[in-house]
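First structure 1, then structure 2: two forms of the same chain, each alone, as structure tokens.
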Structure 1
């Protein structure tokens, strides 16, 4: 076997590069691209130089102003009338638009971080050129540099646009939302607001919203566990039932359940909401058959909280079981039949075969998928919002109902009457922390990770 040679690292510190390098090398510590231009790497050198010039033009015209306003989110917090000595009249000064100031402040920080990263890349490139000069090595020409962008470094070229889009549509909104959690942005401060530190976190964890947060968190975790476990367990059982030797027309039964999965989720949920209504078909059928004396309020505003929660879990099974069935079917069809036959010859019954052979192998393959489903159920907005709308309402909660999850409560705090945007941002951060911590801990314990 041949050992892979490690790429030689430049044997030079930045101090050596600056003190012993030529004028272009020294200038590169201030003017990006100088060393590259001196070595006729025109494309890279001009790119570094133009980006630096553009950065300082932006910094002088708007960057310094945006960064200074970001520290206070605007000097004027309320509308006021002042006397203008120059005009000799009273004028009205409107409050600063803190929403826009916060957005452009976050964007300015991202641009500043990007320039720092590019500057570090410029220094590394300068060091490589210095080492190549010192050791009398061949330096890539401008043509070779450009050719490598579509050959050996094609991956970097292809990743440029995706990275820009990720920064624009993921990093920027995320940082904006996180920043909002440290302000007093709410209905009373909808235009101009200020930094308040961890005050919003205190409101959610120990203040007026704590009495809602912890019960809703408990129900969210219970819902996520039950929704994931029920769809997985019954999906596996359904797949095993269809794959049994005595079952005929297996393709028909699979297709029947796939149709349920193929129907758009919002259509199924809205239909189920009508079906389970107090005046809906289910209650009418049960009343006509004489099975109940009065209509059951499954998901209405005055329903029993646990009846509504159980109904949501059952309806979610209807939607989620076909997915688990499809995955489990594929696994079952590829199970080693010699192990199963050997176990049966040794006297193992169907339950023992399932417990010691079938289920462990299904779980081994589906464990990462189950973690993903669990996180998805924590953030399962559609099932709750379209089926119950959070009902029944709870008078002890602040803007939430008994079936609301953290994500639907976040929606209510943002678009409902409360309009507590800072608290909504805190909930978003806490949901992310809960999901990330569980994902990391659970995935590291799976056999798929340990044996990967």
Structure 2
């Protein structure tokens, strides 16, 4: 790496490269790879050339039409039912399929952006060659170039496939989702839809969904704080209990607790919902012991909202404490003992040691992962979806219940009765903004945002 840096000459401007370069250099501005081929960097040159050829084949073949369709999301907006006399049946002339048009439009934009990036890379490489020629430097041979892929440019080798995968399976879908928020893709426009700007944002923030959005947002944040704090705090306590002096078979105890986390959630939570039902085993047990007079409606459709919310947090503790216990165990084992010893010598009780030394230290080490947990809890789909399904019902909400988080509401809007795809895309963007703001604030405060 240092070698390459030293070799770099004061850059020539592209104007200079173009006016003073030889024919191959000039050609490189139009035909990628020309200069590299002339300098016998076969692999690089051919790769550039083939990619450019491939790009233009794609552009002419489908690219142009994809991009032009993207602007309108398809020309035919309404279906037409016609009678087919030959067969004696009705045929539907279908509208444009905007979902596919949108997807391939976004893909075309990504391809375009990738090619522009590659073109700049090509220019830069051409300039390097030009500068090397001008100053009579040695030029890397084809073989050296390839070899460097396993040495100074190892990162390129290792990262190429992952980046392609990330672009295909994360970037493209995310950009697709973002663009969906600016359309009227919903039940009434299920096949063909159009661009409508910020209309869907209006529906969520001030329209018919606003009365649901803000209360659900409030509960989502409260939930995320409570869920993160309770599992963390009690996880630390449990870890300290197991790690405390005199307890034997520590590994065994840890395993007992971790079993709960290991059982797949769609099993444990689905059955937990039955366990807590109005007529479920827990109520029956409490009734038969005489601890309660009436069955408690923990999470049913007509439960008290705050009872249900508290229940959800408690059940989440059941699942979450074992994990946080495991994590804090490792930290406790690695805590510097000298401070604790010193405090003990000064006569501090175990409670004081915990409050002033152990807990702050654990908190310090855990801070970054706590922020991640907080973000994870904002998007904690499983616990709500499988346990309560959003219940109890709330007749002031639209498509959500009292325990619904933004993310489960988003799911309902997409896959439930309402089919408001654009509104749920807006929710997705808003969830992102909220997560980003919170993690930025938190990272700043914990000063852990050094490298991302």
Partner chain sequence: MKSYHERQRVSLISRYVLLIFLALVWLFPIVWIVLASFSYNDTGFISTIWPEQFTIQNYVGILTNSQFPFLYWIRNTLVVSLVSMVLSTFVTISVAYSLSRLRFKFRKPFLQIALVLGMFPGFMSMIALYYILKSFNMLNLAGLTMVYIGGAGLGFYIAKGFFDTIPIAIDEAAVMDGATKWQSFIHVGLPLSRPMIVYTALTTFMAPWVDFIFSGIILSSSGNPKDYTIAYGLYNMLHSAKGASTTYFAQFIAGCVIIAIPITIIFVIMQKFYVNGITQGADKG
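All of these numbers come straight from a predicted model, not from anything done at the bench. Numbering follows the first chain given and starts at 1. For the two forms, the rigid core is made up of the largest set of C-alpha atoms that agree within 1.5 Å on superposition.
Which structure would you label as the form predicted on its own, 1 or 2? Answer 1, the form predicted on its own.
Superposing on the rigid core, does the Cα of residue 249 end up 2 Å or more away between structures 1 and 2? Yes, because once the rigid core is superposed, the C-alpha of residue 249 moves 2 Å or more between structures 1 and 2.
Using a superposition on the rigid core, decide whether the Cα position of residue 188 changes by 2 angstroms or more between structures 1 and 2. No, residue 188 moves less than 2 Å.
Would you say residue 151 moves its Cα by 2 Å or more between structures 1 and 2, aligning on the core? Yes, the C-alpha moves 2 Å or more.
In Å, how large is the C-alpha displacement of residue 81 between structures 1 and 2 after the rigid core is aligned? Residue 81 C-alpha displacement between structures 1 and 2, core-aligned: 7.1 Å.
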